[in-house]
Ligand SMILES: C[S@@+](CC[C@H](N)C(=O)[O-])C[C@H]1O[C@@H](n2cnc3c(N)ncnc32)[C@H](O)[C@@H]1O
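The chain that follows stands alone, in the form predicted on its own, written as structure tokens.
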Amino acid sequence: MPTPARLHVAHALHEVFGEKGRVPDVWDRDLGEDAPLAQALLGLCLRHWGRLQAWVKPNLKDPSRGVPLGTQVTLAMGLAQLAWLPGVSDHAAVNESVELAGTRDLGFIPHKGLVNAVLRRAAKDRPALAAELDALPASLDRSPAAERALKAALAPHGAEGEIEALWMRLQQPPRPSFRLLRGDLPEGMEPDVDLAGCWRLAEGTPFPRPWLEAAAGMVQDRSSQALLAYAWDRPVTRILDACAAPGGKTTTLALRHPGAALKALEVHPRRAARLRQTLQQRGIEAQVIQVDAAEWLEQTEETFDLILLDAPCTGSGTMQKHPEWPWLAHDELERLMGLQRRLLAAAAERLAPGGLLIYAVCSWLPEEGAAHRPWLAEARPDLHPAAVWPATLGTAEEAEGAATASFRPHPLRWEGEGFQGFALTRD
């Protein structure tokens, strides 16, 4: 029987390549000390899926025949262990993959012998296997959706020729960033020299799980922290976080504007319940409303001095954290664009005169960010750009001296998720 770690990885790969679904956030929660192996193996398979399949094809008796998904998964897992995980023995990498091939739901039983033969040949010279895989073109690991997202990330900065450099950066697992909520920092935290209030783990420092579970700190990506480090000196007494879960940005808004009345909207019941629990654990006072944000905004008569609209999007900017992203279906862009415009129009209507509206998406695609600005400017001439971020976080074209109303960090100069956004104020 394959180990639980390998079974979990196989299930996750079937979810991505069989169902075109995301890897669940809690996929490895019950693995205990085996979680690091599972995380490393899944990451390698997702980040190198194209070249793993390309290596297999000429090693088959009949390369023209299709390969069942179960066989693709078991071979990819075995090869990834042999090539890139030197701590895994030949026996474990080969035999457990063969056992996995023999399971009805995760493998393909008629191909047990094939999996055994291919992996045993590969195990005879593991350094050569790694060299062969590494020599294959990196473009094999990129879907058309990934190519488009990379070009969109680089185009605003005139760096379209740097796709390979950006792709290489995104293949490195992201380094987490943190914020202190109360008390003292755990050992091993270092200040981020470019972002006040942001903390990083020193190399070799264990992940501070007890500190996070005690709600003394929180994980928050650098891009999210920079987005909410806006410069704004007008009074803020009423705040709306329109798409609030999981609660990191809601927490930051509450800490930035203590005493302000804060409403947080979330449409999904489970996420809304988790949001309430998270804010309560952190000592954050906010009214959490489980509701469709667009419908609520269109029906309410309330106005707000500050509205954060971190809208639903394709998530193309999260490829580093979610290496399965290139292989998903990506058929919802038109629907998401329509929802984003509806949310923007409704949020603009509820912005108080002199207030600040921040719109953001964790996407590089222009249709989800910059392309909304001309449409909104025509529909709402009472809205004007608000230059609330340092010019270094935007593009050279959009800078207004030392500041910018556009949030589009250069993806090769900025370590963080691919966010884009803009800030507006109302007459």
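This structure is a prediction, so every number in the text was calculated from the model and none was measured. Numbers follow the displayed sequence, beginning with 1.
The next section is about a form of this same protein that is not shown, the form predicted in complex with the named molecule.
K.L.:
Given the named molecule in the predicted complex, answer whether the residues 268, 271 and 311 all have a heavy atom inside 4.5 Å of it.
P.N.:
Verified in the predicted complex; spot residues all in contact, yes.
K.L.:
Using a 4.5 Å heavy atom cut-off, which of 183-191, 240-248, 105-113, 141-149 contacts the named molecule in the predicted complex?
P.N.:
Contact-bearing stretch, as computed: 240-248.
K.L.:
Could you check which residue among 155, 261, 339, 229 gets a heavy atom within 4.5 Å of the named molecule in the predicted complex?
P.N.:
Looking at 155, 261, 339, 229 one by one, just 339 meets the 4.5 Å heavy-atom criterion.
K.L.:
Check each of 292, 90, 332, 298 and return the one that places a heavy atom within 4.5 angstroms of the named molecule in the predicted complex.
P.N.:
Filtering the options by heavy-atom distance leaves 292.
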